[in-house]
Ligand code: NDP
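Before any questions on how it binds or moves, here is one chain, the form predicted on its own, in structure tokens.
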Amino acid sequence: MKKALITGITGQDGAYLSRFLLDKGYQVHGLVTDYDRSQLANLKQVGVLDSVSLVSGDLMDLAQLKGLLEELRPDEMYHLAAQSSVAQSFQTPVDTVTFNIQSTQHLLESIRTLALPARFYQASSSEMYGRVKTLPVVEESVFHPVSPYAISKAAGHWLAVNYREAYGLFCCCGILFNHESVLRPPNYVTKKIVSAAVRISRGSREKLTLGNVEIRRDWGYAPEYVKTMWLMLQQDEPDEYVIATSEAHSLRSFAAAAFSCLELDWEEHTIIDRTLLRPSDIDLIYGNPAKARNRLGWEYDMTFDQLVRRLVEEEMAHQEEIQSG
């Protein structure tokens, strides 16, 4: 039985990845802090809370982390923990950059100094590319990050590449574009739109507030994207992979599609609030997943409209479950 360690196990990707690995027969361990232990709803919602082993640890404490990894000795490590909100990174830039970079450095240094044979997955991000000059984005596209979060992810990405090239560690980087599900936190704009639309369809008189609705993003479905994390670590050689749909849709289109699923006009229930605009943002970005298709055998066939409808249906079921207790 293979043993996997997931940092950020209580988040969206951590929960879905846990379920995927358990179905593969893995023993799954999740590194959590005391704060994380109070945020177990995602693991419960996907039905794995009683099947994973939660281990207390601090990614910012190198000595403690090395002791934990020496005892656990996982076969695979998935580093998903991060301050992952772009908007919040502008509010807490120092904390975002410090945690996202040092947590990655500490894990890699622990693997190196302990000579662990573990294969390592680094959660890189499409945000690293930022203000792109050519589209679609591919693995070799130049990084031009435009937020503290993106800068921290670019640094973590290059740390993983450096440890691979300098020390021979098996480090893979998954460059995932936006991937959504019902497990997204409420501060993410897709979750904000879908949950508001469902509440309004049930009689809420609230107004949805959005910032720049003209931005265009490459949106996919999270449970399908986490499969690629495992696929990367099963290859003969470590590498980095863009995971995307090859399509871009505006936030305006996302909102319109979500409300349309509920037979509502999004504009009648939405206020554009310019105070929500970020200091800098990406106008348009989408990726080419050809490398993942060809080397990993990963296929993604969900259309944009199917994705939005799935998110609405999941949110409706989720809100009904909450109301029923």
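All of these numbers come straight from a predicted model, not from anything done at the bench. Residue numbers run from 1 along the displayed sequence.
Form predicted together with the ligand: not shown, discussed below.
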- Could you check which residue among 217, 164, 184, 106 gets a heavy atom within 4.5 Å of the ligand in the predicted complex? 184
- Which listed residue (120, 129, 177, 241) meets the criterion of a heavy atom within 4.5 Å of the ligand in the predicted complex? 177
- Task: Look up in the predicted complex whether residue 221 has a non-hydrogen atom within 4.5 angstroms of the ligand, and give yes or no.
- Result: no
- Message: Taking the ligand as it sits in the predicted complex, is residue 17 near enough to touch it, meaning that at least one heavy atom pair lies within 4.5 angstroms?
- Response: no
- Item | Contact of residue 33 with the ligand in the predicted complex (heavy atom, 4.5 Å) | yes
- Message: I'd like to know if residue 9 sits close to the ligand in the predicted complex, meaning any non-hydrogen atom pair within 4.5 angstroms.
- Response: yes
- The stretch from 184-192, 130-138, 233-241, 165-173 that lies within 4.5 Å of the ligand in the predicted complex, judged by heavy atoms, is 184-192
- Query: Using a 4.5 Å cut-off on heavy atoms, which residues of 91-126 contact the ligand in the predicted complex?
  - Reply: 99, 123, 124, 125
